[in-house]
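Shown here is one chain on its own, the form predicted on its own, set out as structure tokens.
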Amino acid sequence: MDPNGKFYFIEANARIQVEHPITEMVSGLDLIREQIHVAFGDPLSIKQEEIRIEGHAIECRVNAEDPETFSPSTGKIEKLHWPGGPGIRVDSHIRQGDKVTPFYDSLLGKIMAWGTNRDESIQRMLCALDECEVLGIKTNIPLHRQLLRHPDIVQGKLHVGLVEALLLEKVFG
């Protein structure tokens, strides 16, 4: 982003991004299925003008890290319960009893929440975060809860420096 607030893209990725479930939730499309069909030379199953976006979806990346210092948290996952329910999706590889080491990405899983509007998706996500339980290591779930309750985020007053500003505000009050 330049000083005048204009965005520029410096890269195009032809791969599925980690955020693709959000697109799937609001569009009803299975992007992985589409990509596999295209890889085999098949046409897309839908035309761009046929895609309809419905509702609002958000994603929280659950990382094995201290929510205060962002330092890695390693150890054995003693207890694990992922949330569920209407509008909730969880993508994860981790299971109860697994060991989190410092040698890999700290991402444990992604929790996605869909709602008919932004407020409903935020409320569903807050319920999902409250339902989620990871014992044995620290996660950034408490930080997600704080951020989703912050008035600027609730009101959609977002910018690329918001999280950094909120963390500085918390530290220096």
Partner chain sequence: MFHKILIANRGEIAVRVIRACKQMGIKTVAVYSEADRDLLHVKLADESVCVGSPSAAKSYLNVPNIMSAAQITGADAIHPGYGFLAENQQFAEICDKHQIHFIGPPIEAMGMLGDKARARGLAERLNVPVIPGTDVLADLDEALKKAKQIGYPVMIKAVAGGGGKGMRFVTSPAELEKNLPIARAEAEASFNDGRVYLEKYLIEPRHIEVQILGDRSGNVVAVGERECSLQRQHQKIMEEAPSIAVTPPVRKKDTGTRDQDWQRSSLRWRGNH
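The shown structure was predicted, so the numbers you read here are calculated from the model rather than taken from an experiment. Numbering follows the first chain given and starts at 1.
Another form exists, predicted in complex with its partner chain; not displayed. Remarks below refer to it.
Contact check for H150: every heavy atom lies farther than 4.5 Å from its partner chain in the predicted complex. Its partner chain is not drawn, but in the predicted complex it has no heavy atom within 4.5 Å of R124. In the predicted complex, its partner chain sits within 4.5 Å of a heavy atom belonging to H56. For the chain shown alone, D30 is a contact residue for its partner chain in the predicted complex, at least one non-hydrogen atom being within 4.5 angstroms. Taking a 4.5 Å heavy atom cutoff to its partner chain in the predicted complex, the contacting residues in 30-67 are D30, L31, I32, R33, E34, Q35, I36, H37, V38, A39, F40, G41, D42, P43, L44, I46, K47, Q48, I51, I53, G55, H56, A57, I58, E59, C60, R61.
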